[in-house]
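Next up: just one chain, as structure tokens, the form predicted alone.
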């Protein structure tokens, strides 16, 4: 590498290390309004029709049916129908914006309003990296991914199941995952939802970290659940809502709709159905505890109608992000969307363009909580180590975009013209020297040097640079401080609960 090249690289790394990144993004640009008022009303009317005339199934949870019946809904067997306007009225007590407090208060995130946060991929059973290839995720992989998420400033939130640690029994792995989040990161994170007991363990461990009294008036943990589309809300959802919201914590509910399978093949029909499912869950959360934080999720995607395989980054899903964003703001609740989604198996050109289109629409739509913003591969079946840091690199660019264009005397650079004459250049002007470190976004992993320098540096593609990047981050990782007594209390809880639970692998 030439000395000039080394100097440039050293300067780039230095600026990256010292750059300040906020705990979340305060959006400064307008929301993208895709549909007109009359069109939005058509979708809302369809949702009201579904809730009143068709209804939703609330199965295997008599307590949920009792709450609906007491609220005035028509409950026949396990079918719940709500008269027009009832559900929207119940949703009115959900906060438009709330704060999830992190173990490190400076990393607390605001969810809703003009705030936007990015969280990594969630739920993948497999992981992939350039050296280890594709394999089932392990607790060691999970710990590495949490440490990486902690160090990547463009990931504001830890998520939860960044990969499934498949070498730990299903009945116990939530305890290990919670401990890893609470010990090796101090960012906000989600909790377990797959059974009522696992949700209760999540809230119990949050109480150890923050204290019983603090949880009464502060949100420190949320669950993230999916309805069983079409039009089924099972007890995984209702019990998670009762555990989290009943404890003063929050819930995210995202109908997972593949148009043509779990929803109508037409995008408008699927959006209306997803809105009905989400609104019914929001209303139920407010029946459990008025004022409980609720986030309306959108995970609508298309599918290949010949093979049945889900597709991502397609125009139908892009439109749904924009439209559900408008509908969520009209309802008055925060929005959750998917982020850098792709069906590609590796971090190739397909992954780049599908993830790019998906993430761009998510950002412009105003997603307040973007899950799967980094690391998603293979339709969500696989977490890519290289993909995680590559996506996070691009999230820095979205942060710049969402903050908008600063406009003042300084940014308009009038003083620079006193130094720079016509046909001159601005490279050495005082204005440039004041701003050169922060004026333009510089991607950590992109190579913009000439071909000769690139070849001299090993002719690496982005995946190879990303491989080096995440390994270097792990080499320099330093855990956030934690009170030893708190750490001991968490370990004791995990150990005691594990002793009470049988090993279950399914």
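All figures in this text were calculated on a predicted structure; none of them were measured in a lab. Positions refer to the first chain, counted from 1.
Separately, the form predicted in complex with a further copy of the same chain exists; it is not shown, and the next lines address it.
Although the partner is absent here, residue 445 sits close enough that one of its heavy atoms falls within 4.5 Å of a further copy of the same chain in the predicted bound form. a further copy of the same chain is not shown here, but in the predicted bound form it comes within 4.5 Å of a heavy atom of residue 426. Within 4.5 Å of any heavy atom of a further copy of the same chain in the predicted bound form lies no heavy atom of residue 129. Taking the partner from the other structure, a further copy of the same chain in the predicted bound form has no heavy atom within 4.5 Å of any heavy atom of residue 99. Note on the partner interface in the predicted bound form: the residue among 330, 89, 435, 135 having a heavy atom within 4.5 angstroms of a further copy of the same chain is 435. Of the residues given (63, 60, 33, 456), 33 alone sits with a heavy atom within 4.5 Å of a further copy of the same chain in the predicted bound form. With the partner left out here, a further copy of the same chain still marks one of 89-97, 163-171, 400-408, 280-288 in the predicted bound form; by a 4.5 Å heavy atom cut-off that stretch is 400-408.
For the partner-free chain shown, 305, 306, 307, 308, 309, 310, 311, 313, 314, 315, 316, 318, 319, 322, 323 of 305-334 come within 4.5 angstroms of a further copy of the same chain in the predicted bound form, judged by any non-hydrogen atom.
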